[in-house]
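One chain is shown next in structure tokens, namely the form predicted alone.
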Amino acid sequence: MRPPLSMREPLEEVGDALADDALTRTPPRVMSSRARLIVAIACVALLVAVPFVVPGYKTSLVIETLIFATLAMSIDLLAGYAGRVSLGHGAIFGIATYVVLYHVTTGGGSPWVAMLLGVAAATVAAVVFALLAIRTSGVYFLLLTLALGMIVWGMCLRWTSVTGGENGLRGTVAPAWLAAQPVFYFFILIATSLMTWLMWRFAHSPFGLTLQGIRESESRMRTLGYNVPLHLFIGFTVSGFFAGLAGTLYAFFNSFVSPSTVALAQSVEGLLMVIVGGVGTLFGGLVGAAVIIALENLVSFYTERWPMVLGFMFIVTMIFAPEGLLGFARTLLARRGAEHRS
């Protein structure tokens, strides 16, 4: 993965050039450490207060947002950091959900064993997807992951003896001690917070920085001696692992899975969450998930044409905030900071 010691010295100048390029693209620091701490504390306080302030249906919406935000962030690990846009992560997410429901409802197994099996199945699927897709890029990567996702959807639709076909699988799979909504909410909050932290650490590790270098220029990274396909393979697999974890949590939450869970729409919605929140920001997935799920439920209350409204919102975002809502907010804060300094 790294070049031999004999190669590193003559390549240091190229590495320095890459570092200089990255520095020139680094956004200005728009918030002090104290301001960041205050924002973080406020967000934690709001999340902790949710089941007490808005119990019932609204708490369920927040739980759904946290789960799909995890899926969106797993997609962003590839799209934002490695430059590979996947339309197969919805299928990986759904595979984990299917395994959990099948193991508990049909086999009568432990939900925790089912969770492990679901994550394992999703990771294996990610390995297969990665082996087939990592040597492509751009629209070819997009279409190949789309085709692989459609194969999974077809299997879930036709393999009725296992998946239940169009009827899907239904049953309560979460342990009894998670039956109370506040307890289940804090379980999901802790689980998704831990996964978010792990993804953030992965994205900002030396390996994650290598993925960013591949996104910027594969040829230069090859010149440096990095094994680009191997890095992309590991990045895809890790991304699929987190998508699978999100899928197991969704099984606990929804207690139902059908072919629509692995359909193209699932991947597209996850990708839209990333784009609306901000590609390459990671936390933009949380922002995008909150916006899209809130709009879906709010607009659908007033009209059946809510997909049209969401489409219009997406178009407006692409025109006026192509960097996403989080990136747009950062730009505004940086601009205001520059004005105050001047």
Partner chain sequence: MNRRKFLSSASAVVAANAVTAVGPFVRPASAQGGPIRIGLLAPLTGVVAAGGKEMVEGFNLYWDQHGKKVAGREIEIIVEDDASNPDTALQKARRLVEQRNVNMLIGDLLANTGLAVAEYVKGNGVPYFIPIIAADDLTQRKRIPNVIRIAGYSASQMPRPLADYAYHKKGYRKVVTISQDYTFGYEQCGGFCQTFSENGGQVLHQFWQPLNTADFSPYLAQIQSLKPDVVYAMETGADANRFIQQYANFGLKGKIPMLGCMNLTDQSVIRTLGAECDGIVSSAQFCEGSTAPATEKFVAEYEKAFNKLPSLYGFSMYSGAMWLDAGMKAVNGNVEDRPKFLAAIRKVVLNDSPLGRPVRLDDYGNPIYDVYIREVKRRPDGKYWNVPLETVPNVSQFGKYDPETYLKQASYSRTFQGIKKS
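Positions refer to the first chain, counted from 1. Since this is a predicted model, take the numbers as computed values, not measurements.
Not pictured, yet referred to below: the form predicted together with the partner chain.
- Checking Ser239, Ser267, Thr261, Thr145 against the partner chain in the predicted bound form, a heavy atom within 4.5 Å turns up for just one residue: Thr261.
- Interface residue among Pro229, Gly171, Pro175, Gly109 relative to the partner chain in the predicted bound form, by the heavy atom within 4.5 Å criterion: Gly171.
- Of the candidate stretches 204-212, 127-135, 253-261, 239-247, only 253-261 has residues whose heavy atoms lie within 4.5 Å of the partner chain in the predicted bound form.
- The shortest heavy atom separation between Trp306 and the partner chain in the predicted bound form is within 4.5 Å.
- Put simply, Ala180 is close to the partner chain in the predicted bound form: some heavy atom of it is within 4.5 Å.
- Heavy atoms of Glu216 never reach within 4.5 Å of the partner chain in the predicted bound form, leaving it off the interface.
- Residue contact check for Arg158: one or more of its heavy atoms lie within 4.5 Å of the partner chain in the predicted bound form.
- Along 52-85, a non-hydrogen atom within 4.5 Å of the partner chain in the predicted bound form is carried by Phe52, Gly56, Tyr57, Lys58, Ser60, Leu61, Glu64, in order along the sequence.
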